[in-house]
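Form predicted on its own, single chain, as structure tokens, below.
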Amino acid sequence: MSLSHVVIAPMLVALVTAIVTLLTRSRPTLQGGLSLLGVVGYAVAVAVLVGDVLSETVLTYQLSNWAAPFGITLVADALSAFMLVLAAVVSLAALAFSVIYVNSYGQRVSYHPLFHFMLVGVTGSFLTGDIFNLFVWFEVMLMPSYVFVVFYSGKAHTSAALKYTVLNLIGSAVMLVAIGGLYSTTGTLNMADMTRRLLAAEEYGIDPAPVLGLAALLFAVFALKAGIVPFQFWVPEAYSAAPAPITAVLAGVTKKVGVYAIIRLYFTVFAAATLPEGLGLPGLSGTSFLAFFGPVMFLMALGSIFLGGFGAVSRPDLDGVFAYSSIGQVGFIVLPLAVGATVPAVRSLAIVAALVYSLNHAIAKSLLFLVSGTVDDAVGAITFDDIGGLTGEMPVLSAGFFVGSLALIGIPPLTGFFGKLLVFQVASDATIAGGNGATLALAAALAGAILTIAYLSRAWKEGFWGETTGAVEGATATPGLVAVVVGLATLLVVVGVGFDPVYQVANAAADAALARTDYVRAVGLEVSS
């Protein structure tokens, strides 16, 4: 197998697994085993791809051997490889949990094929080299998620699914309009080709002003997919409605697809464009597109941190706390990107911070949602009025929750410590460099960290500590579910203790995101001198 063919391997493994599990629906045991084997194979394919990417820098695959920009291009660099590792880890844990957690009837109702089709969409989104196919892979990812949100078919689930579906369909329509507009103004949808055209906009006869407007429209769609304020309103209901392992994937993986799209398009592609006459907008200065998107991201990050934090503090149940926490935590991911967009001196570090924080959030938040699912499976409730004293009946599960909480808070030596430290470092370095709003970013990060301590301490006190309630007394957690939780908790510790390789890969990913010329040439195109 040539290196170029390795690029498509994870997608093919997920697609074949989806088809095989669909054909074996009548044999549940075989289907579950094949599904698990498929996700392990996916993780192996990702590992092979990552190894080749780290040694070869950028790998490409041209479908049907049609050269870019006319054919469909798949691109694997350190940035996409980093995100694929994140997807593989969470998906493996979620599916192992699903085989035990979801009842036999639920698994027969196309649970496994839908899971792997969703993974196909996620993988395609991380690997695609053109914007239209990003739209296509988004839809492949979203369609199974619509079914998963309404999976239990109750009134609340149907309501959540209806809102989730309608909002995402509207977002998809807006995305398609923006993509059509970009094709009309730039003459291409290939990301590498669009990058080189924007670098020489005058040579290609491109007016940057409409490109900026269309990029802003597209940004709103990615913000919706990532659940960033003010597009966060679908998150709490959808996360509470879906099965626990699916919620772990929604929070840990699919939300990161929106984050990835922001980094890839706005720091690689649209950052190549400038407005020679300046932005001409009140309170904004500079000629770079990022000079516009930086302040926008900054306001959205602040809104996410505080709305998510205060919302989590007031929730009456575990899923509510974790759902609003996800809104707040994505604010921590976007905050360094906002600072990096406006202060070029810290741009590379800002992307590293966002990636490391994304990795920690993906693992820790997946762990916490799986803890919630395990508690619900054992006790039949997750509201704080009905649970309490879980540490006495389920000490190992409680330890898993404790580790996940400490990771989100940012206690060393867990991964979250390094993610939060890097966010603070970005804000601090930007302040020293005289960046506008950097001091406010530092203050917001500190306030958000305090809110994280507050709502997770409350969840620990009311759900795990204290006197054992009647519902909890005598309850026993399923060993297999606890084992998955322990595995993720152990991973948080291991990755934190051995953080240096993670940092090196994240740093390579940041370099890949900013190396526009290398990205263009890797696809087989030339950059005008």
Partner chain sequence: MQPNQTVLLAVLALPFLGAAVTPLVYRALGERTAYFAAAIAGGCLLLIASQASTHGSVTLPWIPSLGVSLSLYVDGLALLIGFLASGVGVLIFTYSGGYMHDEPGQMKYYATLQAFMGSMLGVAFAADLVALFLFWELTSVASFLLIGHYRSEESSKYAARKSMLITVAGGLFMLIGFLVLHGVAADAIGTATFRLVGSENSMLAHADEIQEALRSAGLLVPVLLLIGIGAAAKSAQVPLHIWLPNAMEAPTPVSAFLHSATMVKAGVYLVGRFRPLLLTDEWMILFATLGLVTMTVTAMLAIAASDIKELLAYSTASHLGLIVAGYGLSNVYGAETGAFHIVNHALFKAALFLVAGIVAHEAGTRAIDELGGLRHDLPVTAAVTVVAALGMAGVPPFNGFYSKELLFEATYEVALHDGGVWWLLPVVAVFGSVFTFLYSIRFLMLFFGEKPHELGEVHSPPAIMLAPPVVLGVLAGVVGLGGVTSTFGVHLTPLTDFVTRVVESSVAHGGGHEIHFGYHLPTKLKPAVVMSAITIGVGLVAYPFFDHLRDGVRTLRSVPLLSPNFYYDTGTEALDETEFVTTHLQTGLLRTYATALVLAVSAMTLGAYAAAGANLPAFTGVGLALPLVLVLLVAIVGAFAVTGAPSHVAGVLTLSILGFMVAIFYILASAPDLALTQLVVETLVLVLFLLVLDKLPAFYGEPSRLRSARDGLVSVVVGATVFTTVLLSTKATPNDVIAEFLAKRAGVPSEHGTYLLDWGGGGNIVNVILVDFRAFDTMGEISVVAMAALSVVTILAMRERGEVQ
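Residue numbers count along the first chain shown, from 1. Nothing here was measured: the structure is a model prediction, and the numbers come from that model.
We do not show the form predicted in complex with its partner chain, though everything after this point is about it.
Annotation: in the model of the complex, residues Asn103, Leu114 and Leu275 each come within 4.5 Å of its partner chain through at least one heavy atom. A residue is said to contact a partner when one of its heavy atoms sits within 4.5 Å of a partner heavy atom; Asp130 meets this definition for its partner chain in the model of the complex.
Heavy atoms of Gln232 reach within 4.5 Å of its partner chain in the model of the complex, making it an interface residue. Ile8 belongs to the set of residues with a heavy atom inside 4.5 Å of its partner chain in the model of the complex. Mapping the unseen interface onto this chain, Thr476 falls outside it, with no heavy atom inside 4.5 Å of its partner chain in the model of the complex. Contact with its partner chain in the model of the complex, judged as any non-hydrogen atom within 4.5 angstroms, is confined among 363-371, 333-341, 246-254, 178-186 to 178-186. Among the residues Ala96, Leu406, Leu198, Leu265, the one placing a heavy atom within 4.5 Å of its partner chain in the model of the complex is Leu406. The listed set Pro236, Gly437, Gly258, Gly328 contains one residue whose heavy atoms approach its partner chain in the model of the complex to within 4.5 Å, identified as Pro236. Although its partner chain is not shown here, in the model of the complex the stretch 126-140 places heavy atoms of Asp130, Phe132, Asn133, Phe135, Val136, Trp137, Glu139, Val140 within 4.5 Å of it, in sequence order.
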